[in-house]
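What follows is one chain in C-alpha cells, specifically the form predicted on its own.
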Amino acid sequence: MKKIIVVLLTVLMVVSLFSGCTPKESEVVKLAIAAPLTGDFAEYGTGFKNAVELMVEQWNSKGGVLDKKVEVVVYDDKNNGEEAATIAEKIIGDSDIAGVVGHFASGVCMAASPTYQEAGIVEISPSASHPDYSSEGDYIFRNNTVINVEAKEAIEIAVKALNAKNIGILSVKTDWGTATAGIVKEIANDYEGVKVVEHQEIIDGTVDFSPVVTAFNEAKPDVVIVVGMYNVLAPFATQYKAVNPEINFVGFSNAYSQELINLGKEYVEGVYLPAIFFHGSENENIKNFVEAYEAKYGSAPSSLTAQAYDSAGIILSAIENTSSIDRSAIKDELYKISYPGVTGQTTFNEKGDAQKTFAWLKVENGAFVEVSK
C-alpha cells in the first residue's frame, strides 16, 4: 500500500511539474527583414527596412494580424552571401517568424534560400531577378520581374523610344551583371536591323570610366544599356556625356533612385528605365504610400522599396486570409493570392515569380516622369 501511495504522489508531482511548463502561444507575429544596411548597397537595404516597418506600423494601427501585434526583426547581411547564410540559420530558429522579406542581390538570396526552403519558411525577395532564384523551391518567391522580361523591356525602350539601331552594353562584372548582359545580347538579335556594337564590363565601384567611354565612342552606339545600379549609371553618364553630349542611356529598375539624379545631375537628363512602380503616379493607393513614406523618412521611395513594402503586405495578407501562422499554410496561400499593392496587382506563377506590368520612366528637368509606350 505504501508503495502505491508513493507512486501516485510521484505521478502527481510530474503532472504538476509539466503543467506549469506548458508553452504559451506567442502573442506576436514576427516578420524578418534581411538586407544590406551597411556597405555599398545600404541605400537599398535601408529602403527595404523602412518600407517593411511602415507596412507593419500600418497593420498594427488596425489591430495587427489575427489579433496579434506584428514585430519586425532586422538583420544586416551586408550584401554578403556568407553573412546571409548565417542570418538564415538564425531566422529559421525563431518559431515566431512567419516569413522573410529579403535578401537584396540575387547571389546573396541564393546563398540563403536553400536554408529557408529546407526549413519551410517563405522568403520573398523584392529584388532578386536571376532566372534560377525561384527555382530553388516552393517556399522561394520574388516580388520582382525575372531579368529576361526586364531586359526585353529595356531593349523596347532603346528601339521604340530612342530609335536605336546600334546598341552598346555596359555591365557590372557580377553574376547578375554578366548574365543580364548576355540576355540583352540574345534578345537584341530578335530585332531586325538592331545590333550590339560594343560590350564593356566594369568592376562595381569603378570610378574612372575613361577607358570604356573611349571604347564606346569608337563603336558609336546610339544608346548604351547600362546593366548596373545608380552608383554605376550616374558617374558613367557624367563622364560619357562630357565627351559625347548626344549619347543616350537606358538603365534597369534597380537604378531607379533619387540618388541617380542627385549624383548625375544634368548628365542623367534623358535617361530612361523600366519600372513596375512610379512614385509620381496619381493612383490613390500609390499616392497614400508615397506621402506616408516621405512623411516618415523624408525621401521618396524607389521601385525596390515599394516592392519591399508590398512583399510585407503580401505575407501579412496571406496570414490573415488563412487565419494561420503555419508556415506551410502561408506558402500555399501565396500561390492563390491576388494582392492590390502599390506595385500593381500581384499574383505569383507556379515558380513563385510575381507577374508585373512595366511603366517607362525618364529623367526630365531633374525628376522622374512616366512616358507613354
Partner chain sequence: MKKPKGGDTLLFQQIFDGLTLGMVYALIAVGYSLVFGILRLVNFSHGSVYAFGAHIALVVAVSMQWGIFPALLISIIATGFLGILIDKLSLKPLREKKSKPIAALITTIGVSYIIQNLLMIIFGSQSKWFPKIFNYGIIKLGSISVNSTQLFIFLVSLLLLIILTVIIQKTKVGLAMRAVEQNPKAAHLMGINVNYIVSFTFFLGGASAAIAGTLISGYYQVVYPNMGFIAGLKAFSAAVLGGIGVLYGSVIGGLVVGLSESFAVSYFGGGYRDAVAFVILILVLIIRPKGIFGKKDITKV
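Residue numbers count along the first chain shown, from 1. This structure is a prediction, so every number in the text was calculated from the model and none was measured.
Not pictured, yet referred to below: the form predicted together with the partner chain.
Among Asp96, Glu71, Glu198, Asp222, the residue placing a heavy atom within 4.5 Å of the partner chain in the predicted bound form is Glu198. Interface residue among Lys160, Lys90, Lys287, Lys265, judged by heavy atoms within 4.5 Å of the partner chain in the predicted bound form: Lys265. Among residues of the shown chain, Gln239 is one whose heavy atoms approach the partner chain to within 4.5 Å in the predicted bound form. Heavy atoms of Val212 reach within 4.5 Å of the partner chain in the predicted bound form, making it an interface residue. For Lys296, no non-hydrogen atom is located within 4.5 Å of the partner chain in the predicted bound form, even though that partner is not displayed. Residue contact with the partner chain in the predicted bound form: Lys165 places no heavy atom within 4.5 Å of it. Considering the partner chain in the predicted bound form, the lone stretch of 227-235, 107-115, 134-142, 177-185 in range is 227-235 [heavy atom distance within 4.5 Å].
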